[in-house]
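Listed next as structure tokens is one chain, alone, in the form predicted on its own.
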Amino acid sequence: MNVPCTTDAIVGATFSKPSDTAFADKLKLRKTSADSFSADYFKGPKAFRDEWEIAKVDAFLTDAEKQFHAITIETAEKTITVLTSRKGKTTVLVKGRKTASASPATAFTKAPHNRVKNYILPEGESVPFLVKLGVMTAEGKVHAQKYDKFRQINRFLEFVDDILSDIVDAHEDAFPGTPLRIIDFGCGKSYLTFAVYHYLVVKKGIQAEIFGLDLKKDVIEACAKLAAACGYDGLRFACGDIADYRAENAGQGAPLDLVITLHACDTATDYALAFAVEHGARAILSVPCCQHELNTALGRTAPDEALNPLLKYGIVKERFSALATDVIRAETLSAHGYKTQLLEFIDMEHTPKNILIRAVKREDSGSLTTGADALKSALGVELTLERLLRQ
């Protein structure tokens, strides 16, 4: 591949828009040491992670544009975009980065147990909202007690980055020259809301309008003040209930580009997902929380007696109910025209509520038969999301 950089200078790369010969639907490479990369790739509903030596990356890059029509390569100094048309014409765009970080040659000279992580929002680069929220100092140094939050923010941005080209391409086709429309339901203190806005608007130069909704009035007021202090003009907040907001805004407005819902409690997640489907959201990122509905509805026995041992013990029943709820939600989104995955958000050591539902609108967005019906029949239940979408 003819790009103006060497393999050892690359700190990260994203490969999307696969050709018929591509081994995956999407591939994301991130440098983990001086001579290796982590490789996250997706094929259908399955996600995989491997470790690639630099020689393998070098070999792959020689004809990567034959497998993927959209390639973004990040170095310490620039961003390189390689676009290949259906007729085989290749265009290479190079954009310098505003803040150059340490070169890969020096970044990975530490011992393996101190390997430097290449975050989307890197440590050492001062980010206004992170400074004001107490995550980092004005010089960009992350406070030790906030490092888990810093990692969580960057992990979430990786999920956004994975689907960004799908969102932007679909939006530009339908509404060229207009801002992306994003809603964050149950935004809370809005660490991730601010992170998405900063990443899209400040780092990527993409027009975006983001609306955050939460029940807590004092939290929303604080978020609005912070947005104004940071000069984030396209970031708005309001106090309200997700269910009420859905009812008041049924069928209003143009299709959404992205709906985010993280840790919206119990059926609040279902109302957010229903809103996303009803408004044709191009992508959904959801981390469910406190899935009580199914656990409450299930007794000690199920229509399918093979499941009864799972319902016998309280702690097992609770965890099984949470997992079954997320599977049914994912399958329901698939049935409504989405390519859906269940992915690990953050390490289990930090929280057991770490499953992220990622759904991207399929081009052939017709109905799809899934395995949800058999599971629901075995459990003898119907969940809120299905009732809302049926109505």
Ligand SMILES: C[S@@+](CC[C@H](N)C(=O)[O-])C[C@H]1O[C@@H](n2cnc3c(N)ncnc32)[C@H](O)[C@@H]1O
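Not measured: the values here are computed from a predicted model. So that there is no doubt, residue numbering starts at 1 and follows the sequence shown.
Absent from the display: the form predicted in complex with the named molecule. The rest refers to it.
> Looking at A281, I73, I242, L285, which is the one with a non-hydrogen atom within 4.5 Å of the named molecule in the predicted complex?
The residue from A281, I73, I242, L285 that makes the contact is I242.
> Quick one: from I182, A276, L235, C187, grab the residue that has a heavy atom within 4.5 Å of the named molecule in the predicted complex.
Of I182, A276, L235, C187, the residue with a heavy atom within 4.5 Å of the named molecule in the predicted complex is C187.
> Quick one: which of 300 to 308, 222 to 230, 264 to 272, 174 to 182 gets within 4.5 Å of the named molecule in the predicted complex, going by heavy atoms?
Going through the listed ranges, the match is 264 to 272.
> Spell out, yes or no, whether the shortest heavy atom distance between K146 and the named molecule in the predicted complex is within 4.5 Å.
Flag for K146 set to no.
> With the cut-off set at 4.5 Å between non-hydrogen atoms, does V94 touch the named molecule in the predicted complex?
Flag for V94 set to no.
> Would L215 sit within 4.5 Å of the named molecule in the predicted complex, counting heavy atoms only?
So L215 counts as contacting the named molecule.
> Classify L192 as contacting or not contacting the named molecule in the predicted complex by the rule of any non-hydrogen atom within 4.5 angstroms, answering yes or no.
Although the named molecule is absent here, L192 would touch it in the predicted complex, with heavy atoms inside 4.5 Å.
> Looking at the named molecule in the predicted complex, which residues in 302 to 321 have at least one heavy atom within 4.5 Å of it?
Result: empty, none.
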